[in-house]
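Provided below as structure tokens are two forms of one protein chain, presented individually as structure 1 and structure 2.
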Structure 1
């Protein structure tokens, strides 16, 4: 019997989950739920219903895990606790500072409903967090580094689009190669924000807009750009569409640490991702953790979990025996 998955929210992430389900032979897509008029939403999988989000409760016994594909700002803080009472749920909540609060809300709801909720699943938070934890546990004396990119930051692209005179824009976060190299060489550098990443912006201007003024406004924007070396390129709408329509991302998690009686030996642990599609990769992680949620729930578990709480074997289709034989 397949694990029956529901997708709640059908944007880039929801579509990514739909694609990922097709790559996992032990799963099937049961239904997609949307706030839009279902008649206007066409999905890729044939024969699967698109339903109104308000009708989700009717699917309580027909869905094993609901994957919540909304945004962290307003959707998930409300949706994850709400649906965790009815379904085993997975989300990709990524507002780091609000995770403790979100965890508490989902935990209470999931326990009330006897369900499992796994939050903050993806690559950061997610796989990057796991690598920070493993590396810190192994090398208690050391230093952590996270670099992001090269990749598109949706938040920064949106910020540029809000500047007067900007028609469209795409922003790339780029790790500073020399900083990465210093970390890899075991120099344990103290790096400022500016030393770790640069920001590259591709901007389409509205007709008659003042390029110089727009560039100045972007470069001095607090929080988003003022602490970085920022480059602004003005390009045509066609070029933006042609060369910058992908959503690549990635990054690096490194820990360098010491061992030995006199701390005479150095070690470097590095984990990196190079992703053509940020949402599709995140979706693939969500789907693997949906398998874990299903299994944990089958064993009688309930409450909120994060990637830290899930034994790796739960993510794989293979049995423990097969895993030990083929991957250990």
Structure 2
């Protein structure tokens, strides 16, 4: 039996989920839900309905897992708890400072509905989170370092686009190279948020917008830009399309640690990603965790989970026997 997937929100992330479903033979796309006029939304999969988001409740018994593809700034804090009462859900909520609050809200809703909700799925939070946990468990004496980029952050770009006066925007997160090299060299530096990354924003203004006011609002935005050296460039719509149409990203998780009776031996664990398409990779992680949500729900589980709570075998199409034979 195929796992029936619903996609809620059909932007870059939603399209990525649709593509990922095609690569997973145990899944099928059941429906796409949008706030736009469904008649104006063209999807890639033939024969699959596009529905108004307000009609989602009618699909309660026709969808096994709903993948929520909205933004973390305003969409997911409202949508994930709402839909977790009706469906098993997955989201990519990535405002790290608000994850405990979001978890509590989704947990209450999912338990009320007897459903499974897996939040903050992607590569950070997500795959990077797992690597931080593994490295900490293995090297308890050590230091963690995470560097993002250079690449486009969807969440930060979305946050800029919600600023009054902004027509469109792209934001690049850029590691400070000297800081990254110091970690790789085993220097174990103490780095502030500002010393690890810079943020570069390319912004198209609405006609008549106050550039100074927009720049100030971006640079002082809590959880997004206030703790970083941020540069804002105002450019034309044409330049944004010509030079900033891609969505690459990547980054590094490192832990530098010591072992031995006198901590005489040094070790460096490094996990890295180089992504042509941030949303398509994130979507692929979401789809793998949708399989886990389906399996957990089938076993009678309910409530909110994160990547920390999911056994790796739940992500794979392969059976336990196949995994032990081919990957262990």
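Positions refer to the first chain, counted from 1. If you superpose the two forms and keep the largest set of C-alpha atoms that fall within 1.5 Å, you have the rigid core. It should be emphasised that the depicted structure is a prediction, and the values quoted were computed from it without experimental measurement.
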Could you point me to the form predicted together with a further copy of the same chain, 1 or 2?
-> 1
Relative to the superposed rigid core, does the CA atom of residue 250 travel 2 Å or more between structure 1 and structure 2?
-> no
Once you line up the core, how about residue 232: does its CA shift reach 2 Å between structure 1 and structure 2?
-> yes
Would you say residue 161 moves its Cα by 2 Å or more between structure 1 and structure 2, aligning on the core?
-> yes
Core-referenced Cα shift (Å), residue 195, between structure 1 and structure 2 | 4.6
Can you give the CA shift of residue 206 between structure 1 and structure 2, in Å, with the two forms fit on their core?
-> 11.2
